[in-house]
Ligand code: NAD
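In the form predicted alone, a lone chain appears below as structure tokens.
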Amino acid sequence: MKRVLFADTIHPELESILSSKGFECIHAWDMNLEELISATIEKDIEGIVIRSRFKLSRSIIEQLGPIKFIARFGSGMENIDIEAANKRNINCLNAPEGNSNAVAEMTIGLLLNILRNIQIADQQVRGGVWLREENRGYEVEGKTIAIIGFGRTGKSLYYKLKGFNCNLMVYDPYVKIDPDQFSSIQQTEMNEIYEHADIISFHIPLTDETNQMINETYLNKFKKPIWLLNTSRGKILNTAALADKIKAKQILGACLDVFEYESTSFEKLESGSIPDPLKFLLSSNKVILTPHIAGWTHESNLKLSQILAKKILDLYNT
């Protein structure tokens, strides 16, 4: 029987599908990292299913037993040293197809919220304050929106924004866009985005290249004030630089579902005192903050399980 370690609690559909195909699914979410490593050796484990509880670094992967796969329940792979896994012929699987729609929908919701002052107006009305002129907002129509990263989530956002009659630009040096499929979008270089963008939305993975990519130098290049949205990974954005640009009115508003100060598991902010840039964001009415929930829907939870199950079973031609 093929044994799989579940290092995190996830939607039960994945275990159900694998069990129906003859896999033994072992619950390991109470194991620490040392116990997990030992289990891969002692229990003749075929694969590990993880979410974000552990970082599988090179040194950890080198200690694992002869497993066949590591399956990441989600899209981001920054907590797995893929190069080290490849050297051991370990297949690294993820399921970005499962939550790309959820993230794109959340991005639309955040965008409308920040442009139309929905959250602020709601709080005011609940407090007995009725302000109309002060809450006059902006429309998406006619704005130039730059999508940074044109993977599955970027593409999903593109399809949703098409109906808003806005100008769409995209930057992704690793993707060649088919003009027949995406006729109403302009693939361009960042210098054109700096020149024309009104709104910029980030949908990129966390890598050595993108870590702290959105810093003071980056933000200084925009020729006019912008709205900024980040629903990808927190550490691509320097929070201090963002705070400074909001104070200088170079950023009109920001929506963050992810934070530079998140814990590795994404389950909370790092412990300790709250950094001053985050204190500013928490107190600013120019910012909307949510706790890493863009891809966190009931539908995506199920889809992630189903997609990951298929990819695991495909390894065995099952």
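Predicted model only: the values in this text are computed from it and were never measured. Residue positions are given as counts along the sequence shown, with the first one as 1.
There is another form of this protein, the form predicted together with this ligand, and it is not shown here; the text below is about that form.
Stretch 174 to 182 is the contacting one of 130 to 138, 174 to 182, 192 to 200, 116 to 124, since its residues have non-hydrogen atoms within 4.5 Å of this ligand in the predicted bound form. The single contact residue among Asn167, Gln187, Ser75, Asn79, judged by any heavy atom lying within 4.5 Å of this ligand in the predicted bound form, is Ser75. Out of the listed residues Ile214, Ile148, Ala71, Ile145, Ile148 is the one that sits within 4.5 Å of this ligand in the predicted bound form by at least one heavy atom. Under a 4.5 angstroms non-hydrogen atom cutoff, this ligand in the predicted bound form lacks Glu260 among its neighbouring residues.
For the chain shown alone, Thr239 is not a contact residue for this ligand in the predicted bound form, no non-hydrogen atom being within 4.5 angstroms.
Residue contact with this ligand in the predicted bound form: Ala294 places a heavy atom within 4.5 Å of it.
Among residues of the shown chain, Lys245 is not one whose heavy atoms approach this ligand to within 4.5 Å in the predicted bound form. Contacts with this ligand in the predicted bound form, taken as any heavy atom within 4.5 Å, map within 219 to 248 to Thr231, Ser232, Arg233.
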